[in-house]
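So this first bit is one chain, no partners, the form predicted on its own, shown in structure tokens.
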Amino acid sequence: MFTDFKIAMDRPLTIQVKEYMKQWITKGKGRVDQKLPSTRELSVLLGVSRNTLVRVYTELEEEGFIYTIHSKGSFVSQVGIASVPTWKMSWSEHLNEKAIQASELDLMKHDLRGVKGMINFATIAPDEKLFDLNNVKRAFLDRMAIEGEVLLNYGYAKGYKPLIQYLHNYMETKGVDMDGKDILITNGFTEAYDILLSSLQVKSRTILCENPTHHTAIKISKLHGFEITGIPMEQDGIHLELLEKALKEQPFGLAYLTPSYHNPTGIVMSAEKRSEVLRLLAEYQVPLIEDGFNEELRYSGSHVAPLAAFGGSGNSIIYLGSFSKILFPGIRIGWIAADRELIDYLVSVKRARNIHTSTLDQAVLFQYFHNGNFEKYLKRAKHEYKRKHQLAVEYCKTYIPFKRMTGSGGLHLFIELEDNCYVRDILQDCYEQGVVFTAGDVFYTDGGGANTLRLGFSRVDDEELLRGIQIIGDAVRRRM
């Protein structure tokens, strides 16, 4: 008895002993009304001081786990756990179609994923070595000093007001006319897109998008029962003639487009195409969801404003923003910028689902911006990512025999191999040599892309970047 207690050096001892005793009681190791060892006896058995045990016994009695009889000792209380007949369900037989489909579309479960020690090109998360940790700590302390009690309480479903105002101004600096529009803070892009699709009733359950497109958008669209029609892309964005043809041939309820540093191709839609895309969507009255993915990670060329800026005072464009790829994805902050009336309804949907996004996270992010750290960090991060981007492009051109490569910014490159190359086989070959990347077929809406791959370089150091691309190139040549 009491021989399995082990002390962890990084936690308060009193808490460890109390948790151990609670589990000993609740798991039935101690019978109701069973006398416990004295504090002196138990201190020897557990190897802790008697003073610690005196405190533990006092707290256990206050919490109703034990009771004390004067001059007789301490005893186990009746804690309301009784032995009753149990039965087991086969939960897999009680899942609905949405849960089953979500599992089937879950890349983390079904794709080859990088493990520690591998050269991992599968991720396009930012490099944590660049994170501005000291200024994040300062922002946390600054904001907690100003309104710490408020930040630890419930917040507003719409979001933290100072951050909303910051993002309102941020959108205006991008050229977006925010008159008649508003902002809802969300848990990243994923929740924003999910809330929208669960809230909108549109004329058709078909979404128009680029082909290939963001896998998460494909997954969420399917889970909400939408069909997806993808339009092929050219070097400067979506193919306009094929877009117009699709709009003529069938109705669409929504369009979902990523015009800047598109995921997965990295293509930036030209200003001319942006104007023509919006003209066509207006002609056929298709509302647009714009994904502002990676907009800040431009390494060359002139700035191109988002589609929401081209839309002027119109209200048919819904902009989804996130800082996950340029700042800190662990702080799950995204936003929806859209017509004020729509936002008002989406706030209610948000409140019904999860009350609000973490106020503490929002406040720390706001303070980080307010302290002037974002521009400094972005400049440093862009310099490093640009250097890695140039290295990745150089190495791919040297070692991988590809048919086409795209990606003028952002954190990844998209490579199209010869038609007779099956990337899944190449991925398996590379995986066995400690290299992993993302097969491009998961981004296609029509089952295509068997000869494509996405190469994320953001978290790969220079030496691994060279070695990994060499391994991929060798595997491609063998399969050719």
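In this text, residue numbers run from 1 along the sequence as written. Keep in mind that this is a model prediction, so the values were computed, not measured.
Not on display, but discussed next: the form predicted in complex with another copy of the chain.
Another copy of the chain contact at residue 330 in the predicted complex, heavy atom, 4.5 Å: Answer yes; at least one heavy atom of residue 330 falls within 4.5 Å of another copy of the chain in the predicted complex.
Partner proximity in the predicted complex: residue 394 to another copy of the chain, non-hydrogen atom cutoff 4.5 Å: Because no heavy atom of residue 394 falls inside 4.5 Å of another copy of the chain in the predicted complex, the answer is no.
Distance check, residue 305 to another copy of the chain in the predicted complex, heavy atom within 4.5 Å: Yes, residue 305 lies within 4.5 Å of another copy of the chain in the predicted complex.
Distance check, residue 467 to another copy of the chain in the predicted complex, heavy atom within 4.5 Å: Contact check for residue 467: no, nothing within 4.5 Å of another copy of the chain in the predicted complex.
Contact assignment for another copy of the chain in the predicted complex, among 122, 281, 163, 183, heavy atom within 4.5 Å: Contact with another copy of the chain in the predicted complex is made by 281 alone.
Contact residue in the predicted complex, from 31, 27, 40, 70 (heavy atom within 4.5 Å of another copy of the chain): Result of the distance check: 27.
Region of this chain that lies against another copy of the chain in the predicted complex, out of 406-414, 375-383, 238-246, 258-266 [heavy atom, 4.5 Å]: Stretch with heavy atoms near the partner: 375-383.
Stretch 1-40: residues contacting another copy of the chain in the predicted complex, 4.5 Å heavy atom cut-off: Read in sequence order, the residues that approach another copy of the chain (within 4.5 Å, in the predicted complex) are 10, 11, 12, 15, 18, 19, 22, 23, 26, 27.
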